[in-house]
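Only one chain is shown below, in structure tokens, and it's the form predicted on its own.
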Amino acid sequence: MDSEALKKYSALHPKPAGLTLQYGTAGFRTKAEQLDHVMFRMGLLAVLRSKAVVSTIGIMVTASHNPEEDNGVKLVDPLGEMLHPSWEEYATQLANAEEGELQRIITEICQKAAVNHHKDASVFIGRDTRPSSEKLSQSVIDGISVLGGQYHDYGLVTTPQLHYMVCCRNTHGQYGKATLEGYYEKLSKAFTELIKQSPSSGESQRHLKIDCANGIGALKLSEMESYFPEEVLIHLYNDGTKEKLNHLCGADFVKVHQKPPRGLDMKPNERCCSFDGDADRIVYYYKDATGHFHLIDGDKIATLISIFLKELLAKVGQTLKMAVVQTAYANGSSTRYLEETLKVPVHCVKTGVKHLHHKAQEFDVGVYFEANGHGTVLFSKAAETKIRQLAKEEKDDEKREAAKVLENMIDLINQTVGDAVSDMLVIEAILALKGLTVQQWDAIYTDLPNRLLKVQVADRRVIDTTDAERRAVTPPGLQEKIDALVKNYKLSRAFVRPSGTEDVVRIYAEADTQENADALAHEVSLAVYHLAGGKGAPPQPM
């Protein structure tokens, strides 16, 4: 390591005084102007990680569904998964180090993580469409170059596309070609094969309106359009030419506000969906004949995919173990439907995609979606090998055809991470193959009314939880209070959890009516305010 060069370049990316940041599930995120030093240092860290695991590492410059003036960065591990937890700590140390400590902290990381300096380092870089992203990814490149790493800059890509490229590179092309064309070809080929099987194939063009959150999704879908079969007609809205990224639009806006995005005109019973700013989340929605808005969130997406996969697995006659992974935010109706009607095991884990992804890896087929629309399906190596073998060699026609459909599904799904483009194509293929309208999909089960609130507290760490965040351990008396309040309402449950990034406590409540869900959420928020050190005026009823 050239300490003079490190000193010189580090001085060009100075750390603002008094700023401390924490690497979380979403990497680092804050106002763009405060991130220059972080980007430079994540370039350094990516080189160290690459040498430690002797693989290509990814760096994505994005703040996903955050406002346009924010930005962020996350590292991608060799198989397209999130950064290993032990390295999250190194990232936090490096980002917060004072100028004079950089050299020492890098040396310490190298010792702890057994980094071999003689190995080459390779880093893939991608960025979203924020005005600040290009300059910040240049700071990443400075960091990589100082430590002598090689890099490939993909420029503007969706977050899932970068995850995909990293996985392709490290599996030596087994997962696919590490190019955008490779990504488009793999997905569109599998999608076209599936659509061919649909009962109404070629008869009606399938119109879908897509809100692209004024983000990268619009750019990449336009590039991909020529790869789609002509039965598919997608109409892009909020394509970034006029409005600000994520402003009053995008998956997060639609999910939180339970209303259509600005800039998308909906007619009754039209199928619509929204991506978020970096295109790793998706939610669907429609308006019924009376003008009432219906949201189809991650829970309903997971249910649709589970129904479809379960039918196919039954047809191929294999005893493959399938499960759905949810968080405490999943609607109670979805859990009940999956367990009682579909007879698919459901596992609940802590909030955060890395927890869902990790749990889903334990099954032959693991379906996971957060309610916010972020999710995917994972197939174990053994399951994938078995399915591909049956698609080739199975003598029974029906079994072989079912295996072929499963094989195309495996190719259509981006297993590295939730991917709005891939998930949209999976959903469109399933709706076509099952001949379902968006209303029929929505009617599979009815969501229990629910309410999300937050309460400001002096210190979020006073709340500690257990049972996948469904029960509060501290402060004393809070869980007992919540239990007593829940007993007053039908079909109800409520839980509280500290935010990962700010001093607020998030409250979730559901019950048999919206009025009861609102009342329960308010009562729980008062309990949190009084028992967990609430700040400002007490919460008011809705």
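All figures in this text were calculated on a predicted structure; none of them were measured in a lab. Rigid core: the largest C-alpha set superposing within 1.5 Å between the two forms. Residue numbers here begin at 1 and follow the sequence given.
Omitted from view is the form predicted in complex with a small molecule, to which the following refers.
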Which one, 502, 515, 33, 480, lies within 4.5 Å of the small molecule in the predicted bound form by heavy atoms?
502
The unique member of 449, 352, 240, 332 whose heavy atoms fall within 4.5 Å of the small molecule in the predicted bound form
352
Each of 65, 370 and 506 within 4.5 Å of the small molecule in the predicted bound form, by any heavy atom, yes or no?
yes
Please name which of the stretches 423-431, 208-216, 344-352, 175-183 has residues with heavy atoms lying within 4.5 Å of the small molecule in the predicted bound form.
344-352
Does residue 127 reach the small molecule in the predicted bound form, with heavy atoms at most 4.5 Å apart?
no
Can residue 22 be called a contact residue for the small molecule in the predicted bound form at 4.5 Å between heavy atoms?
no
Touches the small molecule in the predicted bound form: residue 485 (any heavy atom, 4.5 Å):
no
State yes or no: in the predicted bound form, is some non-hydrogen atom of residue 281 no more than 4.5 angstroms from a non-hydrogen atom of the small molecule?
yes
After a rigid core superposition, would you say the CA of residue 34 moves by 2 angstroms or more between this form and the one not shown, or not?
no
Would you say residue 501 moves its Cα by 2 Å or more between this form and the one not shown, aligning on the core?
yes
